[in-house]
Each structure stands twice: as structure tokens, then as C-alpha cells.
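Only one chain is given next, in C-alpha cells, and it is the form predicted on its own.
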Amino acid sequence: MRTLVKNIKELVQVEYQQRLRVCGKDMATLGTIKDAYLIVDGDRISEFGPMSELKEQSFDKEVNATGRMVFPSFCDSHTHLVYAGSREIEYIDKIRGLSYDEIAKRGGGILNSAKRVQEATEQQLYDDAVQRLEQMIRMGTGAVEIKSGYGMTTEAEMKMLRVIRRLKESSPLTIKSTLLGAHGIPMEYRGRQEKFVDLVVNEMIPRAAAEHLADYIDVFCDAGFFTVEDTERMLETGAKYGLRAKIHANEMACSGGIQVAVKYNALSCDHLEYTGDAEIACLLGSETMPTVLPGAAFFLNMHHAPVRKMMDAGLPVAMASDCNPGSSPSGNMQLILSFACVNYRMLPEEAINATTINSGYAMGVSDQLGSIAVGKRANFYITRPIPTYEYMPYAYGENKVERTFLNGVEV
């Protein structure tokens, strides 16, 4: 199947020399072609350029994109979208002034979702997740990382991972799976959390690896959750089973999570509200992608990660939705793009890099996705008629995506 998309007003995020990530001041640069064409051969991008250079040839399908722009699909490198039920009552508790920690201590938060996941069937979890994925596709997302973490028992965690595997098999999205056994501490393990770490190390990780259910391992290394020592035990075990790390870090405090992420060559460390000079220096020169989750900071009314300081130091930055029922109940990456500009003062070019190529790196797919480049997978969307690419973060209250192509096929 050969497809031509022609008369593109502007083709955005083009690369002639592919990169795995974009760092520092380079994040403010965005390659585009005005009055462009794009050719897809099968599931791959085979050619692109200005319309004046398009050669006469035959195609199975032609799409006229007059007045419209084409972007690479978003890569959403941090979600928890396999869950059962919403948590709007806790949302009201937050409005009334209860803290995240106070809600967790009385059995809410992650523990609330864990109870519901334990009671739900795999089919229920799958059906709900499919609906969320379909919404994300309509908003322009083409790749998503999905974590477990609402199981909190070995069987429930494996149930979540089996659902994610089924989503991988049935969805046109590119999906990565992460074992997040250490997302919270069950009530019965409070005061003896090392025993819960034993459970993760001795049961969850070996089971997930033996059944080939996970691509990565994650730990919530933060104040009130898991210590650096706990985290090291779990990451060392994960590494023995071939699971690379992705870390929740420094959302609540300077927890040492960023340092342990770099020590264990984590693919990404995520949240990062509490990031100082020592953490930035640690990340410099590493292969770990700093990933900010603007939806959670917005929903929880937290202060913002020092994104400008990170970029000025030469770091790359990725941004993801953190789609989950408690602290970021949205998988809309267009909204994340807008948050990046409004709340973190990123330029539109920086924000687009953060939600495409860099977030692709943060989930291990930037060699295949996250930019318009020859040989990469044909995951892209065509906008409605819009005036400029800056309009994408500017018009935060509307869906600018008109048509979506995943693996070269319109969906």
C-alpha cells in the first residue's frame, strides 16, 4: 500500500539525519517544510519534501491536505491507563484541602485503585482501557507506555500486565509495558515495607519476566513511598531479569530518586518537581531522560519542575500525560503540549520536541517514532485547517486533529 499525502501546508518535525533525542538549546529548533508532500510505503515513511520536488508516480491512496499540517504522532511515555473506576470523590477531598499523603494514609489514592483492580476481571480492565486508548488516538497519540501498579498483589499485578499484553496485540498503537509493583505500600505492609519489597523481588519480577509480560521495571522512589535502598534492591533484581529501569522520582521531595535512576541507567526518571543543581549535574552526560508530567502537577496544584533550568544546563526534557484516575485523569497530549508552554514557559518548538522525539526516547521507541524521517514508522496526524504550528499549544480547548495514521493506515 503506497499513500501520498500532498499539498501539506507545513510538514512538522522533519529529520534528514535521525536523532534519538534532542538536548538543551537544540530543543528550540524544529525542522519543517512548507507546501510539502509525504509518501508512505507500507507502514514506513519512504519520502517527503516540497511539492515542487514531487515526481510523477502512482499511488494506491492520495490524501489532499490543503490548508492542513502534518505532525508525527505524540509519544506518551508515562501512563497508568489500565484501571477500574474513577476517583472523583478524592478530587473533592483535594479541593477541601486534604493532601495527597493524607488521602493515601486513610486508604485512598493508589490503595483505592488497587482494591478495585483486584476485584475487576481482566475483560473489564481491557474493555475500559480500549476506550481510553481510542480517545488518545483521536487526540493524536501514536505510542504509549502503560504501567501496572494498581494491583499490589502478585496476582493482580500479573492480571494488569496480561491486559497490557492483550492491548499490545489488538491496538494499532505502539505500546510498551512496565511492571510497577512498587507503586505504593499496602496497608498490611505499613511499618514493614521491606517485606513488600521482598514480594516484588521474589515473586513479581520473576513472574513478569518468566511470562514475558514487561518491557521495563519502575519504582516509586520518593518521600513516603520507597527508599533509595528499597529501589536499588528492586532495580538490581529487574536488571538480572533483563528489565531496564524507569523511575518515579522527586515528586514529593529530593528523594535521591534521580541519582539512583542515573546509577542504574534508567531509561527515564519521571515527575521531578524537586530537582536541584545536584540532580541536574547528575543527569548531565547520562542516558536517562528527565520526564515531566504536567497533568499531575496541574491536577494536584504542585509547583513545577525547573524545566527551563534543565534545558539551559543542556539536558533533554520529555513530557507525558501520566494518565491515571487519581492525579491526572486525562491522556490528552495536546493538553500536555499546552501545559508545557503555559505553565513551564517552553517555546512551542521545545514543547513539540518534548512530546514527540524525547518522549519517544523515554519509552525506547525514538529510533522508530517521534519524527518525520525516512524509514521511520508512519505514525502521524493531519490537523484541521490551522494557521501555524504554534496554534497547536495555543488553542488548548479544542481537538486540532482531523485524521490519524498509525503504521501507515488511517484509523
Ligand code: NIG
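Worth saying up front: this structure is predicted, and the values here are computed from it rather than measured. Note that residue numbering begins at 1 and tracks the sequence as displayed.
If you look for the form predicted in complex with the named molecule, you will not find it shown, but the lines that follow are about it.
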In the model of the complex, which of the stretches 317-325, 197-205, 281-289, 227-235 has residues with heavy atoms within 4.5 Å of the named molecule? 317-325
The listed residue (Val117, Ile110, Leu81, Val307) that reaches within 4.5 Å of the named molecule in the model of the complex by any heavy atom is Ile110
Would you classify Tyr150 as touching the named molecule in the model of the complex, given a 4.5 Å non-hydrogen atom cut-off? yes
In the model of the complex, does Asp215 come within 4.5 Å of the named molecule, counting heavy atoms only? no
Touches the named molecule in the model of the complex: Phe71 (any heavy atom, 4.5 Å): no
So, in the model of the complex, is Phe220 in contact with the named molecule at a 4.5 angstroms heavy atom limit? yes
So, Arg87, His183 and Glu251: all three within 4.5 Å of the named molecule in the model of the complex by heavy atoms, or not? yes
Listed by sequence position, which residues of 254-279 have a non-hydrogen atom within 4.5 angstroms of the named molecule in the model of the complex? His271
